[in-house]
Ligand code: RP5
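Shown below, as structure tokens, is a lone chain in the form predicted alone; questions about how it binds or moves come after it.
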């Protein structure tokens, strides 16, 4: 059976979304990783509607060089937990604003994981999506000097953009 997901040669981060509707937010994760020079791949694989494809992805991820997984989903938001249950890789969860409760349902689904299946859960929406990219880069920076230097440069530039004097 042919792979039913996109792979990127040399990717170290896998970005998974439960639905195409997550891309407007998760595009910020991809942009952050790209800005930091971190090779990554992005896929839509629903934990509920494509469980076999998700299992195949999880089974192949580490073997293909993926070191961190970022999972975004709304509503019940089971994607991050299902992925965490199927891999030893770090899983970062990005709750999406959904059709109800403004993403609070997603947040609670991700953060209330049973012991033994950790998901590092970030903020709801775009801030969480950007921070997921930064956190993935921080994890990679522990063993990759190039990523570490680019991440440190990003942080310096961010600090330099902060106003030093209050604006009237």
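Keep in mind it's a predicted model, so treat the numbers as computed, not measured. Residue numbers count along the first chain shown, from 1.
One more form of this protein should be noted, the form predicted in complex with this ligand, which is absent from this view; the next part is about it.
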- Note on the structure: Answer key: of 64, 53, 126, 48, within 4.5 Å of this ligand in the predicted bound form (heavy atoms) is 48
- Query: 70, 92 and 131: each with a heavy atom within 4.5 Å of this ligand in the predicted bound form?
  - Reply: no
- Choose from 6-14, 141-149, 154-162, 20-28 the stretch whose residues reach within 4.5 Å of this ligand in the predicted bound form, heavy atoms counted. 20-28
- Query: Does residue 96 reach this ligand in the predicted bound form if we count a contact as any heavy atom within 4.5 Å?
  - Reply: yes
- If we check this ligand in the predicted bound form, which of the residues in 138-155 reach within 4.5 angstroms of it by a non-hydrogen atom? none
